[in-house]
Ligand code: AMP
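In the form predicted alone, a lone chain appears below as structure tokens.
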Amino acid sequence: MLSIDEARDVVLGATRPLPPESVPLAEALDRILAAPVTAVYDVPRFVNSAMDGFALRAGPAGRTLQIVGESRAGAPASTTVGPGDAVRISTGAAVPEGADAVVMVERTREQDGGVHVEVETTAGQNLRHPGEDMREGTVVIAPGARIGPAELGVAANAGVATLRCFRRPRVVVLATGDELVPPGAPLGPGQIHDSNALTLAALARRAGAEVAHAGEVPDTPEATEAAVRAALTMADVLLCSGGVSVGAHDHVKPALAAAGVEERFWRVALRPGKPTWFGVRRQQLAFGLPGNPVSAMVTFLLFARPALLALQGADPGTPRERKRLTRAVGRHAGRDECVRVSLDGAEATPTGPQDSHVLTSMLGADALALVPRGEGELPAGSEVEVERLPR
């Protein structure tokens, strides 16, 4: 069986960023930039005022100047400022010709149609000059950046209306099992509500993907193969939960093979998540995740999420930190274990029972603690590596 890191390397080795597309600024939040954003012009484009006040020629305190006009944001004054003149000006408004300073309104007093300047002014005072924020032709946001609110604002100021971003991967989620019924539906004998389709779709969306479909598939070879073939007509990434082990009703692997998906690995030395499957059909990725709900979430986070990030051109790396266990944790002799833990400073506390069917162990979990395989247990106080869960 592959280790966690080996399996992750296989997945990322088969993953390439999707083609870029043009995205309007209003729709680009959280997208990954594929091409640089270059300033179309200097920002600011013109000398403007950093204050509400009066534009004038620099000089000593105690002068009384004639108010000869007003310059507002978006409505520049057409007046030329002479030695004895002042123009009322708003923050961000263009400084009129002839003026070389702005005195803030709090340091003036208006009287008899003029303005008394109470302080000395120096050339350049309270002025914003062209290019102080951006220079025309310079790259202001580099490829690979995740577009946040600040990046949107910078792109708009740079004169850009659309961004070239990597396409979001389209995901289909298939939860297999005769026992599964949608949330809220009445339960018959032996049935359970399907949580995997819901949680995996939510995790995929949080990783930046578009979910084209998420639902349940009966445990028959015909239904499984039909669902897999239909999914591969629309998906960049197929996520199947359940049906990848060795039981008589595990039909996912044969269905994927029949659809032309080439197996790259099956089984990882991992608890929970040993029967994880991964395959490729041309540029499409397919994951066969275990059916137990915790196993499905953990294996998605370890393997499918990095692939979804890489498809978008984002850094798929998952930084690890070292934390101290507050409680002893049992070890598995042949598999590394991902223990759900809450973090408090340098300490990691298991969230409760860690069985693969106990989905409540994900509540309050901040990270997965990677407990290496071995005998016995790791005592309280032992250091372990952790990978933080996405928020």
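All residue numbers are counted from 1 along the displayed sequence. Since we're looking at a predicted model, the values are computed, not measured.
Absent from the display: the form predicted in complex with the named molecule. The rest refers to it.
query = So which of 292, 108, 224, 71 reaches within 4.5 angstroms of the named molecule in the predicted complex, heavy atom to heavy atom?
reply = After the contact test, the surviving option is 292.
message = If the cut-off is 4.5 angstroms on heavy atoms, which of these, 151, 179, 133, 120, is the one near the named molecule in the predicted complex?
response = Exactly one listed residue reaches within 4.5 Å, namely 179.
ask   = Pick from 191-199, 140-148, 204-212, 74-82: which stretch has a heavy atom within 4.5 Å of the named molecule in the predicted complex?
value = Within 4.5 Å of the partner lies stretch 191-199.
Touches the named molecule in the predicted complex: residue 242 (any heavy atom, 4.5 Å) = It does: once the named molecule is placed as it appears in the predicted complex, residue 242 has a heavy atom within 4.5 Å of it.
key: 4.5 angstroms heavy atom contact with the named molecule in the predicted complex for residue 86   = No.
query = Within a 4.5 Å heavy atom cut-off, is residue 238 in contact with the named molecule in the predicted complex?
reply = Result no; residue 238 lies far from the named molecule in the predicted complex.
ask   = Do residue 256 and the named molecule come within 4.5 Å of each other in the predicted complex, heavy atoms counted?
value = Outside the cut-off, so no.
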